[in-house]
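The form predicted on its own is given below as one chain in structure tokens.
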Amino acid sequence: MTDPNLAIVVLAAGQGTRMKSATPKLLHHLAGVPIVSHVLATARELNPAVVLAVVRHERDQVADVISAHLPAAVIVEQDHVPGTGRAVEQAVADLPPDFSGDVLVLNGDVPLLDADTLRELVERHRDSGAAATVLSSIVPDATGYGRIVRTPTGALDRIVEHQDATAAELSIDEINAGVYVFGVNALRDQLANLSTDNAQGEKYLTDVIGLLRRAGSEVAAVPVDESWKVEGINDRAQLSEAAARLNALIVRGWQLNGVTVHDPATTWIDLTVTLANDVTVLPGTQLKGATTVARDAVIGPDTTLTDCEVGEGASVRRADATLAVIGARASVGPFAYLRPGTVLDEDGKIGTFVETKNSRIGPGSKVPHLSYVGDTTIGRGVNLGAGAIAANYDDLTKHRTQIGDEVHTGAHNVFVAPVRIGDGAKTGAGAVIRKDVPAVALALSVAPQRNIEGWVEKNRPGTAAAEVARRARSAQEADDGSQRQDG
């Protein structure tokens, strides 16, 4: 149910210079989705009347991602006046004129804050009748954070930014988490009173708290139980720390849902992955993107699947696959590379040192080892011999190879596309197939073997091979002479 009295503002205008990246900070990925998308998903869970996202730096890139993940979000562009206070001021100006509820302000770079914590914050704000309620946290090292300054009775007095804090204020270990709930009318009144008279020359949203206090309004600060929930991401070290924590939560969630994960420390699972009960994930495995794995499948060890579909009871070992479909009870690996467009049907096999691309391998068919299968359709019950190559590219165009049902090929075959192998056909070892092979025929491309005696001594004089050849010839001549004397 939509909460008609709740509006959410997501602050997404920051430059993120500490990431030292051409990619905007909020668009760096965390568990498979951009940082800001985690915040948008949380906002969606709260069912607000409206979500407003404030953007500025790399405006188009950030706005496109926000719109893709939350199409209903209203994009607000911050002007040249810096500061979170100005960002919220412009967002509030875009609220419907008749909105009279509460405004929840979230930071786009705080991705681990969950909806339950925010629901509790909003409820406590409403129950207390405060004009503003701030989420706070107790941390061992408060460097860089705004401090929560309380009155002698423990009530919230004001928030002071680190740069503007006195020595006594810097000793405070309760920090501002940057998450606020305001009554919209009180917020509108005080936003107009903000100034840039501070160390940063910005309009601080935190100053609204002090202004409300001086106006006689009640304000409150509510500490969150687990400080990691409100940790922001400002650099790549913090990104990796957040990724590890979130991944641990994701892995544990799947374990509690019936998935066996042998080594959570080396298993990485994106938020967008779907796993069925009784899936087994072995060490060193990464499951990414929209990958889905059906029950009883075994994935790993040392396997990366990106946007793949794995069927029931399949096995994928030491493999790398992207945009591939692996059927029920099929086997992949070890050391296989499945490129986009690979479809391995049920009971099929892609074996050791095999690369596939844009190909369908039919039910029960096998490509066991040392092969490249590109732009190929393989029927049912086929076995490709070791070293099979689908030569699909003629420097201008990719061509397809068609292999029918129950075809068995010899070792080291090359199929020069476009070519069709009929049902039940056979090919000999070393065959280079340039023409279509009729059904149930045997295709050979065998040239008579020719041995040129003495070639090494004549053409490689002075080499070790020539010396070995000379000794062998001398021994053979001596043996032939002995046989003549005996005769």
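Numbering starts at 1 and follows the sequence shown. These numbers come from a predicted model, not from an experiment.
Quick note: we don't show the form predicted in complex with a small molecule, though the next part is all about it.
S.K.: Has each of P34, L112 and G253 got a heavy atom lying within 4.5 angstroms of the small molecule in the predicted bound form?
M.R.: Negative, none of the three is within 4.5 Å.
S.K.: Name the stretch: of 408 to 416, 349 to 357, 309 to 317, 231 to 239, exactly one has residues whose heavy atoms fall within 4.5 Å of the small molecule in the predicted bound form.
M.R.: Going by heavy atoms within 4.5 Å, the stretch is 231 to 239.
S.K.: Would R471 count as touching the small molecule in the predicted bound form under a 4.5 Å heavy atom rule?
M.R.: Outside the cut-off, so no.
S.K.: So in the predicted bound form, does A87 come within 4.5 Å of the small molecule, heavy atom to heavy atom?
M.R.: The answer is yes: A87 has a heavy atom within 4.5 Å of the small molecule.
S.K.: Quick one: is T267 in contact with the small molecule in the predicted bound form, heavy atoms, 4.5 Å cut-off?
M.R.: Judged by the heavy-atom cut-off of 4.5 Å, T267 is well away from the small molecule in the predicted bound form.
S.K.: Is P82 one of the residues lying within 4.5 Å of the small molecule in the predicted bound form, judged by heavy atom distances?
M.R.: P82: contacts the small molecule in the predicted bound form.
S.K.: Could you spot which one of S365, Q190, T206, S371 gets a heavy atom to within 4.5 Å of the small molecule in the predicted bound form?
M.R.: Comparing distances to the small molecule in the predicted bound form, the residue within 4.5 Å is T206.
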